[in-house]
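Only one chain is shown below, in structure tokens, and it's the form predicted alone.
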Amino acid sequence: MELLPPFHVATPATIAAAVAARQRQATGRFIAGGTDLMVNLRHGLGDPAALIDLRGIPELQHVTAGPDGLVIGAAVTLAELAEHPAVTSRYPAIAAAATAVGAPAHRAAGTVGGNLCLDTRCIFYNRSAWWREANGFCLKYKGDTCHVAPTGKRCHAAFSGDLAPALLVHAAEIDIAGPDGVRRQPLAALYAEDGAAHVRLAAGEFLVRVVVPADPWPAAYAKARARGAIDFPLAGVAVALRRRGSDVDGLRVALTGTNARPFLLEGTDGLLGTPVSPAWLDRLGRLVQKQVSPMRTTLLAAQYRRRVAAALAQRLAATLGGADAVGHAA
């Protein structure tokens, strides 16, 4: 790794002060845990004049559970989230996703906001500065060609945060602070299918909190990774499934690790009104395989990640739906 570039560190105590600090530094970056950003800076990926540390803002530090749902500050650590009693009891998929991130040291430092705004990853991007320069850089940083899809015009680096799909299936919303104040929007609207610009935040904006509705559907999260610990997901899936009697009355499936953004599976309405069965699971698997678009951004084959995403979705849905058999991915 390279030496860190020189930068100034700002330590605002309020959201307004953080916004003002960013306005004074055109190339400034917001930081909390820094488990992703600092590694990238040591790889020469970025040269900010200032880092604006959000950990000293009390408003971002708490998890609050009440009758209206769950409010999660963006600077809450993943370890705190995974161990919070209201999260583990009422939102186990969120707790499982937080627990799945990295190693204990990563979870002790990494934050909710950082995981949701995690940079995308690719074997042509997450390398040393000299390696990238020797290969002409890439479309995501300093270059003009995506080495994954050289004839394309879009970066295919993959989003690999674990927390987003678990929040997406719970219909979470987020508050974003910036020069124009604080605005609320669905979490899904934060992301775009472009590895070089996958987070839709305007200049000077940062994520303040996540709001999860009350009365969550039963949900679960699982991921596949090359190693049993520490690794980013090759594919990660969250499923929320509500039943009326034996029939599926509501279904949300969200995925990470396969595309440039985490996303909710489309077309699940066609699976409502019937029980979970092997045929039902086969249909779900085909939906997943049609909508994920893994590329050569990791060391494992894209087709493997496509099939494992479908298998994870099927297994979680079978468990939540009370099925005895899991279908095979088409």
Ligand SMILES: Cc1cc2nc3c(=O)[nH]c(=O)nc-3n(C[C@H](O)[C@H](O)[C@H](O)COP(=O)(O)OP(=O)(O)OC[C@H]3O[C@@H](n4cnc5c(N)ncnc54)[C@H](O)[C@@H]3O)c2cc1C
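Quick caveat: nothing in here was measured; it's all calculated off a predicted structure. Throughout, we count residues from 1 along the sequence that is shown.
Quick note: we don't show the form predicted together with this ligand, though the next part is all about it.
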Which among 202 to 210, 84 to 92, 243 to 251, 166 to 174 is in contact with this ligand in the predicted bound form, heavy atoms within 4.5 angstroms? 202 to 210
Kindly indicate whether Ile31, Leu78 and Asn115 are, all three, within 4.5 angstroms of this ligand in the predicted bound form, using heavy atoms. yes
Of Ala109, Val182, Ala224, Ala197, which one comes within 4.5 Å of this ligand in the predicted bound form, counting heavy atoms only? Ala109
Heavy atoms within 4.5 Å of this ligand in the predicted bound form: does Val288 have any? no
Using heavy atoms and a 4.5 Å limit, would one call Glu193 a contact residue for this ligand in the predicted bound form? no
This ligand contact in the predicted bound form: Leu284, any heavy atom under 4.5 Å: no
Given that the partner is absent here, does Ala235 sit within 4.5 Å of this ligand in the predicted bound form, heavy atoms only? no
